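Below you will find one chain, with nothing else, as structure tokens; this is the form predicted alone, and questions on how it binds or moves follow later.
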Amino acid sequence: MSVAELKERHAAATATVNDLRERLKQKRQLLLDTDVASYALSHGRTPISFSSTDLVCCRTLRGHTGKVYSLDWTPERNRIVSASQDGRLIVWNALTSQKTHAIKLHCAWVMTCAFAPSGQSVACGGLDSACSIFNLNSQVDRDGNIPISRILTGHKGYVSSCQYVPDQETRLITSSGDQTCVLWDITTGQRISVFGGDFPSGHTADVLSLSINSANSNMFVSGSCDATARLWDIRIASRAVRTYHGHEGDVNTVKFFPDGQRFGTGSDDTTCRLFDMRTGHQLQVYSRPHENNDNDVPTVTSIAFSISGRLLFAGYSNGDCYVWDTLVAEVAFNLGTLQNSHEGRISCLGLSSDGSALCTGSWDKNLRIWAFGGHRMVI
């Protein structure tokens, strides 16, 4: 078979796939008779009121000399760990802005970090394709650095995200550019289960993000460059429980809704979406308004839900941070319009465990802590 014939067959197959994808999309739309916002508005629900005094920047954490890529809160909400292009992990006291630990990494290309449930250890991973564990109570070496207590190796691509299984100090899940997620036993350093890879129901491109269901820690969701999110059960690694379609670009971030029955996603296609975990239906699209002259449309980099789920915080590549009203799909506020907002891409964000504060990290090398001000109750 000649090269020309191969190209012709490839073009025909691509056209067939695109046609099937469009028909599937139309079929899904016919099955959805409404969305969350339409239903809420038809029942008289009104958008939440929000102003610049309701969420105020109360702390700026300065200390990194490179872009901030990732952050995580401890369960007791008074400490934050951040990972940066400068090759360091910094543990901050969120109440005083003071650094409690500064960990120099062997590989500077770090992409993700996470606190253990106890807050006594931190994990990180990046382009070295490994996940490193540090015990914050360890004695420092002669150079003042905390030694690595465990290295989890086995991925064949960069480690894009890591998260401890809730209430399990020795279990951690990572996602990777090798198209898989892995459940690890930190005590032994061994892989317990691999999700995806050789299995046909796995992702077909780099896995960028994951979120473990706090209501049922056996379930987690992953987002990928294949424009899908997939639900996994750690007890059944051989196949994904469900695949969620709708995005038209890389799924950069995923996060479970507080009730554990839904989850949100953020994508390069500029939208956030809300999915029903059980049915697979797309419940709502949160799409920012486009300007006529806006050729470089900002992408969604990170999301988090308020403790009730009424608010969705979304960070964008242009430095905006939208506060979405999840019920009516309207923007309640944009933190990026405030005078003390970030001056670069918002790469990560996270809410404290009690929902009282939001932390954002940026390519401007800083982290900012935003607290609900005035008489505004935590939503």
Partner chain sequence: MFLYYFVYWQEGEKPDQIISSKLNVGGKLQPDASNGNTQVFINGREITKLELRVLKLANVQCPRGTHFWVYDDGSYEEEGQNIIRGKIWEKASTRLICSLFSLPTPPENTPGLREDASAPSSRLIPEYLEQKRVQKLLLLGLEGSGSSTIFKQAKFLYGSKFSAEEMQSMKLMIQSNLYKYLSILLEGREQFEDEALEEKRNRGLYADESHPSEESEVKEDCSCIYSINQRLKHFSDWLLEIVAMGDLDAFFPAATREYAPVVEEIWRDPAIQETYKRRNELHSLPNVAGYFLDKAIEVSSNEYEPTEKDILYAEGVTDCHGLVFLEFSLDDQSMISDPPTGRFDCPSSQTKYQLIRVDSKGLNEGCRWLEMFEDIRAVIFCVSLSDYDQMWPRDSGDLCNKMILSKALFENIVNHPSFQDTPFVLLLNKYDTFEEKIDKIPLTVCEWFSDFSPVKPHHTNQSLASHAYYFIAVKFKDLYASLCDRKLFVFQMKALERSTIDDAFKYIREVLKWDDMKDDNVFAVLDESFYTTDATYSNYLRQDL
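Residue numbers count along the first chain shown, from 1. This one's a predicted model, so the numbers in the text were calculated from it and none came from an experiment.
If you look for the form predicted in complex with its partner chain, you will not find it shown, but the lines that follow are about it.
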Which of D233, D226, D269, D128 has a heavy atom within 4.5 Å of its partner chain in the model of the complex? D128
The single option of V182, A123, V110, L71 touching its partner chain in the model of the complex, heavy atom within 4.5 Å: V110
Tell me which of 211-219, 131-139, 182-190, 156-164 has residues with heavy atoms within 4.5 angstroms of its partner chain in the model of the complex? 156-164
Verify the contact flag for H247: yes if a non-hydrogen atom of it lies within 4.5 Å of a non-hydrogen atom of its partner chain in the model of the complex, no if not. no
Using the partner position in the model of the complex, report whether R88 sits within 4.5 Å of its partner chain, counting heavy atoms only. yes
Taking the shortest heavy atom distance, is R171 within 4.5 Å of its partner chain in the model of the complex? no
Report whether the minimum heavy atom distance between N252 and its partner chain in the model of the complex is within 4.5 Å. yes
